[in-house]
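First comes one chain, alone, set out as structure tokens in the form predicted on its own.
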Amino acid sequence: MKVFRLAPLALSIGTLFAGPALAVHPTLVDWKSVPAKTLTLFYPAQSTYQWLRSADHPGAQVVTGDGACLTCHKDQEEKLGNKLVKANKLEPTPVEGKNGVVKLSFQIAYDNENAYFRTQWKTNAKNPGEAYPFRRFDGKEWKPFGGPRLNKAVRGGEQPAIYEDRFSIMIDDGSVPGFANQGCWLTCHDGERDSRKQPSADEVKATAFFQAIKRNDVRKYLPSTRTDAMASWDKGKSPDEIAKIKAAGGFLDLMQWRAHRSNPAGMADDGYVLEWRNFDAGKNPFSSNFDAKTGQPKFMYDTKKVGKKAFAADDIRKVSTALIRGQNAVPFDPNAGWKGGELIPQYVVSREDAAGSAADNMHVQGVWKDGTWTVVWARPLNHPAHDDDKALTEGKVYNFAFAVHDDNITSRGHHISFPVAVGFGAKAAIEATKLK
């Protein structure tokens, strides 16, 4: 299997996966002996928690009675996705050329120490989504350049479509009421980015709840953290009440492999969904590359390694543009003769800087070949007692939900699965293979 390519560097598996030793590395698992389950992920448009419970949804009575989505939609993923991706009441801003479904192959195995995942999907784009929005020097200032395809400036042609591909896994151990039946729709709400009834930034900042949790926009959250029956974005419980929910395990584990911000470090990030889409405690493998005070980058490309200090727009998608500390990045030099049009990534990636619970997913590798991503992953079994993780344990069944962000898109523009039961040495829709 190829190692993820860094332009112009190439990392060995040993370098890429330096860190805690594994009994079996995910790239060395005999995946031919592990059954593959093909899941149909579909485009959900603006179907939210609130919409599912509204008079506009024919299945509202089932949903409000805590019934399962599959009561009405078993084997309907392809039909739903192909319908919702086109212009309709739930999709007021359809994306040209967007596919309605993604076929996701998923394999899972485990030994006494780790769970191992392998997943594959074919991308809609003809190239891997390895890039992330940049900052572009205009001769005086470093300004945003590029964005996801649902972004207003991108739709209007003011900015190019640039975004990273992602693969996400959400995990419930049975502690989140309703997740086994309704999956990610417990986390997707009116008010979130690119959703129905999205509030302005000023409205969010003026809301007491968001002042209390110190957030500036609305992202995934669980109904248990809101005070009203419809789980409105602005009707949040107190931080103390939310802390009690978290202590009782009433949150979802959310792990995301990112083609630009984590894959070059051989990692995936680690987070959880509760009152917001939070990252675990510690440090991610990526951080901002811009100094808010100076308005300048913190790092630039090492000309000795890359051949240039910055990239141009024509370089995007021809090479990997990840900026990686200790490999192809050096401190930014404001006197390096910057010219208009030069690009530097918004984020800098570092495996060495990742720390704490946020750095648990230390052994993840994604390779794009012939139009298909293959991602292999190791996750500790019987996880240490972090208060922001779900421990995977032999003999138990968990509710998984999957998502793929593809073709320069983010937020609700992804493809998602209905929840699926995954068992480790236990009967379930998908049963992990015990390695010998």
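Every value quoted in this text rests on a predicted model; they were computed, and no experiment measured them. Counting begins at 1, following the sequence as shown.
Keep in mind that the form predicted in complex with heme C is missing from the display, and what follows is about it.
Only one of the listed residues (F400, W377, W51, W373) places a non-hydrogen atom within 4.5 angstroms of heme C in the predicted complex, and that residue is W51. None of K89, K126, K152, K140 but one reaches within 4.5 angstroms of heme C in the predicted complex through a heavy atom, and that residue is K89. Of the candidate stretches 52-60, 29-37, 405-413, 387-395, only 52-60 has residues with heavy atoms within 4.5 Å of heme C in the predicted complex. Interface residue remark: F418 is counted as part of the site for heme C in the predicted complex, having a heavy atom within 4.5 Å. Not displayed here, heme C is kept clear of A161 by more than 4.5 Å at the level of heavy atoms in the predicted complex. At the 4.5 Å threshold, heavy atoms of V367 stay clear of heme C in the predicted complex, well away from it.
Although the partner is absent here, A206 sits far enough away that none of its heavy atoms falls within 4.5 Å of heme C in the predicted complex.
Using a 4.5 Å cut-off on any heavy atom, the residues of 181-199 that reach heme C in the predicted complex are, in sequence order, Q182, W185.
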